[in-house]
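Shown here is one chain on its own, the form predicted alone, set out as structure tokens.
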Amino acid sequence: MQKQELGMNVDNTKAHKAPPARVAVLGAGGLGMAAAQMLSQKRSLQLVAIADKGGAAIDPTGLSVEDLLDAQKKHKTVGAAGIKTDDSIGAVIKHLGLIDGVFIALPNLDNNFVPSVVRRFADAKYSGVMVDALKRTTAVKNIFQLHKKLQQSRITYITGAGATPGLLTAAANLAAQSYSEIQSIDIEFGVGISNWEAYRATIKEDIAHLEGFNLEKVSTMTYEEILAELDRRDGILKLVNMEHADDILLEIAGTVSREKVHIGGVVDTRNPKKPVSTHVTVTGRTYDGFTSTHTFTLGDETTMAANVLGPAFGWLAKALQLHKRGIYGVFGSAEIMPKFAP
């Protein structure tokens, strides 16, 4: 049967001729700047705004990654390529008419911080899409509590849309379809970072999962204290039984109760090579009574940034599609398949 008979468009070039969706990135740390670099390689998405604690850069015709990197190197803020301000989020909000989608790459040492930023966009009458890569269960729960508010504001929001939670969570949901009962879902990730300072906020959040630490304690740690802790552990963070939002996302999706979801990993802050392969294992009982296991493993060559940002922009592309259909509110990454963003 020909593809035309199935109602498929075999000529994909038309889709590429549509103007790219205009994207704002909130946060310009390691993940935020990696997002800017990835966006520069995409045809369907264009970076028009980026913000950090020192300011924001905004250009409706598109931002130059080289200019942003130069501004950071010389002045420690992307604001040097645009607007220096203590309220960079407010600066972006003043230009909401230029923005179709927002990717949130902000530090999340306070579980209420990202939800408070989202409220600002809703209160400013933003009508578009938003995607985050939040990791903690509590933070994602707080986002879901904004569902009605975002519906009323006509915002389409997808939460937990990174690697884990995100890519591996959605893979677990898909793998679960083979079973009539899920016995356990286990996620183990490996991250290699050659320059931990570029991902300082991420590393601090990981340290908060270690025994003897919490968000409150880590949020007050100085650069020297973090460095001393990493030195004490030879740069290796071994994380077990983490408070990771894969659990609530899979529970909300109806896949499994959260107590059957377990997440851990190993982060090497001195070596770009992954210390362990990243994978998700789904164990369940089939309809005919057998116990079996599915395992999905990510290639070791894919970096943390690739595995977080690629899916995040895929979910952003899907959110844009849903928004055009008039579908608003908060959705978890385990509920919706991402759409590949060329």
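Predicted, not measured: the structure shown is a model, and the values here were computed from it. So that there is no doubt, residue numbering starts at 1 and follows the sequence shown.
The following text describes the form predicted in complex with nicotinamide-adenine-dinucleotide, which does not appear among the structures shown.
- For the options L106, A171, I143, I99, the one in contact with nicotinamide-adenine-dinucleotide in the predicted bound form, meaning a heavy atom within 4.5 Å, is L106.
- Contact annotation: of the candidates S153, T202, T137, T269, the single residue with a non-hydrogen atom within 4.5 angstroms of nicotinamide-adenine-dinucleotide in the predicted bound form is T202.
- Between 30-38, 62-70, 284-292, 270-278, the stretch whose residues reach within 4.5 angstroms of nicotinamide-adenine-dinucleotide in the predicted bound form through a non-hydrogen atom is 30-38.
- Using a 4.5 angstroms threshold between heavy atoms, L298 stays clear of nicotinamide-adenine-dinucleotide in the predicted bound form.
- Within this chain, A133 lines the site of nicotinamide-adenine-dinucleotide in the predicted bound form, having a heavy atom no more than 4.5 Å away.
- Taking the partner from elsewhere, M304 is found to have a heavy atom lying within 4.5 Å of nicotinamide-adenine-dinucleotide in the predicted bound form.
- At the 4.5 Å threshold, heavy atoms of K53 reach nicotinamide-adenine-dinucleotide in the predicted bound form.
- For the marked spot (I89, F113 and A198), a heavy atom within 4.5 Å of nicotinamide-adenine-dinucleotide in the predicted bound form is present in each of the three residues.
- Taking a 4.5 Å heavy atom cutoff to nicotinamide-adenine-dinucleotide in the predicted bound form, the contacting residues in 138-170 are G162, A163, T164, P165.
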